[in-house]
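Coming up are structure 1 and structure 2: the same protein chain in two forms, each one given alone as structure tokens.
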Structure 1
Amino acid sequence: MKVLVATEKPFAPAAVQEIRKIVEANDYELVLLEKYTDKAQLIEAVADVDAMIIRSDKATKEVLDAAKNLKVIVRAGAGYDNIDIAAATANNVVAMNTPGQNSNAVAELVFGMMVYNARSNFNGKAGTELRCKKLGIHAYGNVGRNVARIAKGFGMDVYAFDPFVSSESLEKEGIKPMKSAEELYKTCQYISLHIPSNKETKESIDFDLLSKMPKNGVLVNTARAEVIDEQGVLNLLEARKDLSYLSDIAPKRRAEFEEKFASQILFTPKKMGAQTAEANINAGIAAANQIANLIKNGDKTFQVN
């Protein structure tokens, strides 16, 4: 049995070493495709493999159709919109993600960006503190829970809205539940955004919703670019000079944002949320273990299709 690790942006060497240990301990063969530059290389590599681990690599219909022996594909990370789920299902391929493995890394980045913004980008001028500020968590999954944990350490008042999490569960964790996204944005100066990208959420973070935020509101996006209505945010930053937009996913119109609103924005050079040594290793190990557990025990715990 062959396990392909296809990573245009490779895992850290320590992560590859741990993946190899797991794969070879189960008497599988490990195949590496790292830093490839053309989709044709990926299509060629998948031709005879039984399992596949990817990071942000695109598992398109063309790729999945070419993988005639493929039984399982694992996205080492939480988001899996880079896998064509319909094509995976049509080819009888189990698609999985590795939720929770990079959650702390993303949550820490949220606070790195918030502190940088609150302290006036460390430009020598007086800033503000996070203590006693209201933080709203939009979607209370693995990352949201870690954000809440860290926020309590900062002494922030923590609120959350997630239609799939009960008010009772939130209250047990010391979180103030909100009945709607509108109520969350109206209440909290800081919003940490963690919603997935799907038909319901696409461009749902728009002018109307963000305009409800209190004075000096700050939106932090470590989720997906697709959930943001870029024109709406541009219009809002023009209308509300007190608002800030911090994002780990640079918008398509980045140049326009930077030209017009440099003092109100912060974008990382590339998506940095999971870019820690620990998250890199954890996600790779989880992916390898999930493949082994599926093949040996039929465990489909993290299946997403």
Structure 2
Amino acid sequence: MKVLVATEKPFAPAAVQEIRKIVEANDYELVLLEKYTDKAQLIEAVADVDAMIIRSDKATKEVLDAAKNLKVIVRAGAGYDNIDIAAATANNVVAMNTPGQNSNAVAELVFGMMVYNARSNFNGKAGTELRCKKLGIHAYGNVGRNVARIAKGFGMDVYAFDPFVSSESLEKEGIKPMKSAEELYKTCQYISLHIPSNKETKESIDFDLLSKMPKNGVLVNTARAEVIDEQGVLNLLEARKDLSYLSDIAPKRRAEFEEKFASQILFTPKKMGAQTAEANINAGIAAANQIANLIKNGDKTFQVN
């Protein structure tokens, strides 16, 4: 049995080593395709593999149709919007994610970006502090929970909106529940975005919602670029010079943002929220174990299709 690790943005070497150990302990063969530059390379690599592990790599219908022997595909990470789920199901391929494994890494980056912004991009001028500021967590999943934990250490006042999490459970954790996204954005100077990308959330973070933010509002996006209405944010940054947009997933119109709003934005050079050795090892090990457990025991925990 062949297990392909296809990562345009490679795992840390220690993570690959851990994946290899698990794969070889099960007498499977590991095939590595790292830093590929063309979809054709991925299509060629999947031709004879039984299982595959990916990150944000695009598992399109074309890729899945080319993977004739594929039984399982694991997205080593949380968001599986990069897998064509309908195509996986049609091809009898089990699709899985590894929820929670990289969430601390993403949450730590949120604070890195917020501190950098609050301290005037480390330019030596006086900045501000995070303590006592209101932080709104938009979607309280694994990353949101880690953001809340760290925010408490910073002495922030933590709020959250998540239609799937009860007010009681948020209150128990010392978090103020909000009834709607509008209420959250109206209340909090800082917003940390953790909604998944899907049909419902596409471009849902728009001008109307963001214009509710208080003075000196900061939107931090370590989720997905697709949930942002780019034109809306461009219009907003023009209309509200006090607002900032910090994102780990650069917008399509990055150059335009940089040209017009350099002092209001911060974009990482490449999506790096989950790019730590620890997160790679955690997610890589989980992915390899999930494949072995499915093949040996039919264990479908974390199946998403």
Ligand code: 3PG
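Basically, rigid core = biggest C-alpha set you can superpose within 1.5 Å across the two forms. Computed from a prediction, not measured in an experiment: that's the story for all the values here. Numbering for residues begins at 1 and runs along the sequence of structure 1.
Asks: Out of structure 1 and structure 2, where do we see the form predicted alone?
Replies: If we ask which form is the one predicted alone, the answer is structure 1.
Asks: With both forms fitted on the core, how large is the C-alpha shift of P10 between structures 1 and 2 in Å?
Replies: Comparing the two forms, P10 shifts 2.4 Å at C-alpha.
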